[in-house]
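This document opens with one chain alone, in structure tokens, the form predicted alone.
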């Protein structure tokens, strides 16, 4: 297991190199110029433009800029934001903390409701309960977040007046986080429900479950000791993949609710062509996704001893 983890960690190096190289190339050769954006109404002042390009090092050749950036990045220095005049690291850390709290809360909610509803649907297979759970999950999955969010705000804020307009960030346990967490949960609910349902149905029809019934074990004991233990491996993989998505896919939700998270930071840098922030956030997201996949693989082996790391 230790050798497997070490090899996987070594694979991170070429992946990060490729991602950083192409991201840096897009920023260097792509459309838009952060210096022009910084100059605002004086964008056509060529003398000032050249001075600022030299100040931020944008006048150097591509490979020189990229090499200098990577040497600093491996030391944790992702450069400085052009528009905010702050180190990119100082911008990323607080926003990443906000997104991590929101994502972990949504992941816990998704695991609880997704697995719970999936198990109920499997136990009530082909009944109205099963059809209601699956159909409701499909409906939530089918409605785009930029449509579902205004609908929920209209019903809960304007119509029923159950809460004030959820905007900004006052901590994880604020009522403002209820709608964002619900939306993140709803977007991944169908995948977890269907995966859990299929896994439980398959496990209940297996030979070891029939043997357990023949021995006289109660259905509740069979469910907890045999069915769920063996059905959770593919569900764990699904939830793990969704955990990466909760980080990278929260851009729209954070923008809608004005949450100062990682997604909002990335979206703001994309609009203003703030390439140091774009490159730094892309590298961090890539690293988080790879670490998440590694953790999933390790947990999969620990959960199911029959799986062996080659």
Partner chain sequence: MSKSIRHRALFVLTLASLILAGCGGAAQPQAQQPPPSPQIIRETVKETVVVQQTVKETVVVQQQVMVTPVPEPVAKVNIETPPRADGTPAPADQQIFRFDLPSDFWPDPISLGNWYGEWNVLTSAGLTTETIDGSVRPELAEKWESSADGRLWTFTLNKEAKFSDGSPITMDDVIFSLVSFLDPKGISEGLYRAPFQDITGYQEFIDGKATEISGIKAVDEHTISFSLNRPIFYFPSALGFWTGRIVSKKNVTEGGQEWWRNPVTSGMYKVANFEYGQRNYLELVPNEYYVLGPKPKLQKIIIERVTDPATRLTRYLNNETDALYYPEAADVAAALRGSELKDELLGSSIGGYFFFYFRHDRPPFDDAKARQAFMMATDVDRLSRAVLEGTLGKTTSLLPRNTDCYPEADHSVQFDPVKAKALLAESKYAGNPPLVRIQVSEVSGIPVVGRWTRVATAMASMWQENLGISVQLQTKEFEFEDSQEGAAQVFRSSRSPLVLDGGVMTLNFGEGKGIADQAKYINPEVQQMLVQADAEPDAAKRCEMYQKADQMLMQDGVIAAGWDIANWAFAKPQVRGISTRTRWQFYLSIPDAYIATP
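Basically, rigid core = biggest C-alpha set you can superpose within 1.5 Å across the two forms. A quick note: this is a predicted structure, and the numbers were derived from the prediction, not measured. Residue numbers count along the first chain shown, from 1.
There is also a form predicted in complex with its partner chain; it is not shown, and the following applies to it.
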Quiz item: Which of these stretches, 141 to 149, 104 to 112, 223 to 231, 70 to 78, has heavy atoms within 4.5 Å of its partner chain in the predicted bound form?
Solution: 141 to 149
Quiz item: 100, 129, 157, 178: which sits within 4.5 Å of its partner chain in the predicted bound form by any heavy atom?
Solution: 157
Practice problem: Answer with yes or no whether residue 31 is in contact with its partner chain in the predicted bound form, where contact means some heavy atom within 4.5 Å. | Solution: yes
Quiz item: Does its partner chain get within 4.5 angstroms of any non-hydrogen atom of residue 116 in the predicted bound form?
Solution: no
Quiz item: At the 4.5 Å heavy atom threshold, is residue 218 in contact with its partner chain in the predicted bound form?
Solution: no
Quiz prompt | Heavy atom of residue 84 within 4.5 Å of its partner chain in the predicted bound form | solution = yes
Quiz item: Has the Cα of residue 284 moved 2 Å or more between the shown form and the other one, judged after a core fit?
Solution: no
Self-check item: Core-aligned C-alpha movement of residue 49 between the shown form and the other one, 2 Å or more
Solution: yes
